[in-house]
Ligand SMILES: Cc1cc2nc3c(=O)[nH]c(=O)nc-3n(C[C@H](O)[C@H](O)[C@H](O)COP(=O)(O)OP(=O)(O)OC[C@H]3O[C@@H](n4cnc5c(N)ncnc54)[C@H](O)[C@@H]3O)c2cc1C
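Below you will find one chain, with nothing else, as structure tokens; this is the form predicted alone, and questions on how it binds or moves follow later.
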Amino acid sequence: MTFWKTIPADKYEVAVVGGGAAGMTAAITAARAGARTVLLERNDRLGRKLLMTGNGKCNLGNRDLKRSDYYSDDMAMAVSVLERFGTEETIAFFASLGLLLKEKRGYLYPVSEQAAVVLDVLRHGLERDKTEVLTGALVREIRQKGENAGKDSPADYVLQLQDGRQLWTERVILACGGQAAPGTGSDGSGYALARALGHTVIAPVPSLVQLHCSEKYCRALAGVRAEGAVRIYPSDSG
């Protein structure tokens, strides 16, 4: 499978920043709508964090998604997102890529239960829909036309890459991820890009964290999933 290593001089209609699951899905969708699309990923390959999803089995969705599963000061937006692209749309999207899913207690997984298969179908989807992909492309700055880009800019946005290259695009989709997995590229740098474009970013806080135990035998339980109950007791030490 061939991926492009250089960016043509002419402009794009859509540039997607971030080559994770969301970025690849956005790029495929934009390309299917007829837009000339480029996907930029800072790592040397796409989907590094995707391979870790669901302990490597890649949980793709949930049959029981509903409003009460989300917390926001703008619940109307959350409901709108679910109505536009919910579980059935997710299933249909992956079916269009040739991926078969199965269900376990309401959770959706690829039949193979391998995250690598999900990454493969997304990569093939990018190639099939003629999305241009640039890896090793860290976006340092995004400028809007009319500010620093100048009147002669060929598009609405200029993306400045770390290696000094620039590209021009009419629309930008930020799919950089949060900061939960810096080793995969999700280090929070996307927040700075969003703020620079005038967006408000709510300070992130951990929502799913590890439990650390002093006993060494607990390490053997890493990655094991089980249903259970947990009680937390205050320490007598005060």
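Start at 1 and count along the sequence shown; that's the residue number. Quick caveat: nothing in here was measured; it's all calculated off a predicted structure.
A second form of this protein, the form predicted together with the ligand, is not displayed here; the remarks below concern that form.
*Asks:* Hey, in the predicted complex, is Ala27 touching the ligand, heavy atoms inside 4.5 Å?
*Replies:* Contact check for Ala27: no, nothing within 4.5 Å of the ligand in the predicted complex.
*Asks:* Indicate whether Leu193 is a 4.5 Å heavy atom neighbour of the ligand in the predicted complex.
*Replies:* Yes, contact at 4.5 Å.
*Asks:* Just to confirm, Val172 within 4.5 Å of the ligand in the predicted complex by heavy atoms?
*Replies:* Flag for Val172 set to no.
*Asks:* So in the predicted complex, is the ligand close enough to Lys49 to count as touching (4.5 Å, heavy atoms)?
*Replies:* Within the cut-off, so yes.
*Asks:* Heavy atom within 4.5 Å of the ligand in the predicted complex: which of Val139, Val133, Val158, Leu119?
*Replies:* By the 4.5 Å criterion, the partner-contacting residue is Val139.
*Asks:* Of the listed stretches (176-184, 65-73, 198-206, 27-35), which one has a non-hydrogen atom within 4.5 Å of the ligand in the predicted complex?
*Replies:* Of the options, only 176-184 has residues within 4.5 Å of the partner.
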